[in-house]
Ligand code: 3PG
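Just the one chain here, laid out as structure tokens, in the form predicted on its own.
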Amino acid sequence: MIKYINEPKKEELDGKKILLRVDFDVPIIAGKITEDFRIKAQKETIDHLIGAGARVLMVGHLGHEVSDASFYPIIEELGEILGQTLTLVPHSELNEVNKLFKASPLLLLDNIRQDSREVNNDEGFARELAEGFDYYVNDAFAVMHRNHASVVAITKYLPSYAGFLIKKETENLLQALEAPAGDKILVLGGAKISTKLPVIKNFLDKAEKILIGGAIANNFFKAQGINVGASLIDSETILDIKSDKLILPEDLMISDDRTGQSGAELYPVKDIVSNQLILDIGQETAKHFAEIIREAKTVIWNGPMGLSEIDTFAEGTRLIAKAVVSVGRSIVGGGDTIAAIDKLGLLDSYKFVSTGGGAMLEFLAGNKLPGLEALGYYG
């Protein structure tokens, strides 16, 4: 059975050493954090532990799989966002944390994926991480679908708890899954059809309609025999699904230039030439999708409707984002989606914004997440 960090009394945490799994894998440009939503979402757990008198070593990653990337360029900015003074701990100084705790109660181990044993879920590495600590806490929902040492194996060596963010994520996503199908709409965009297809299949009997936009729609067009030109598709994923619940775009924004400098043309869904790209849903599609969304009681949205980081191709995402705001129960998530709604100033307008991308999709697909399983969520 999963245990949450609010269960121990504060005096039980006072003076204890906590290994805290966080997710600080945020976009960084020129040494600056460009979007800090995930960091702020974990602040409640960090404040709770420090406020109780615990000494905390945070463990997080940067980059996919094994990576040499370091938190060093952003350590001061991380501290400012969290309202704490942070000390960065190189891997070579992991055995010196007791000395470092004398100077600061909050430490951050440098990118955990600098050690290849992390992604291999190496138990020896997990045992090294656990050495000298009293408790393990995981508040990094976005990595709960990863079978990694600081997520899964570590729970074998320390009494383990979930943080406040994990509690919020699982409760809100479970509510969305269990909400009545008759007034629930699933909106999917983005680029990775392989991660979205299991969600679509799981929601065929859990949603009234499933609205498909973004690059994943290109795969459906391709399966229908429509030439999508140079548009992004996932040629390795086989579409084996047909349903009248699936609503595809009826018009599209087409261009031969991803930068947006050449503008875009509005096209009905039809064959396009080899150098053209589908980069946004069209005006009629956005209007139709928005009408469907506004009639729903629950909307779950993951993935932008086009190449939304470019203003020329952001209109479809903007219109969908505004429509979802009007819904009573709105759950949105995914890194690109968060970036888009943050840019629109709408981040605080939804009932719940998930920090998870792949983890959110795995949960909504009905799959067991290794990190949650290790904490006893399914037991």
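Since the structure is predicted, the reported quantities are computational estimates derived from the model, not experimental observations. Residue indices: 1-based, along the sequence shown.
We do not show the form predicted together with 3-phosphoglyceric acid, though everything after this point is about it.
- Residue contact check for residue 362: none of its heavy atoms lie within 4.5 Å of 3-phosphoglyceric acid in the predicted complex.
- 3-phosphoglyceric acid is not shown here, and in the predicted complex it never comes within 4.5 Å of any heavy atom of residue 222.
- Not displayed here, 3-phosphoglyceric acid is approached by residue 146 to within 4.5 Å at the level of heavy atoms in the predicted complex.
- Contact annotation for residue 142: at least one heavy atom lies within 4.5 Å of 3-phosphoglyceric acid in the predicted complex.
- Of the candidate stretches 44-52, 57-65, 340-348, 324-332, only 57-65 has residues whose heavy atoms lie within 4.5 Å of 3-phosphoglyceric acid in the predicted complex.
- Counting a residue when any of its non-hydrogen atoms is within 4.5 Å of 3-phosphoglyceric acid in the predicted complex, the hits in 333-367 run 357, 358.
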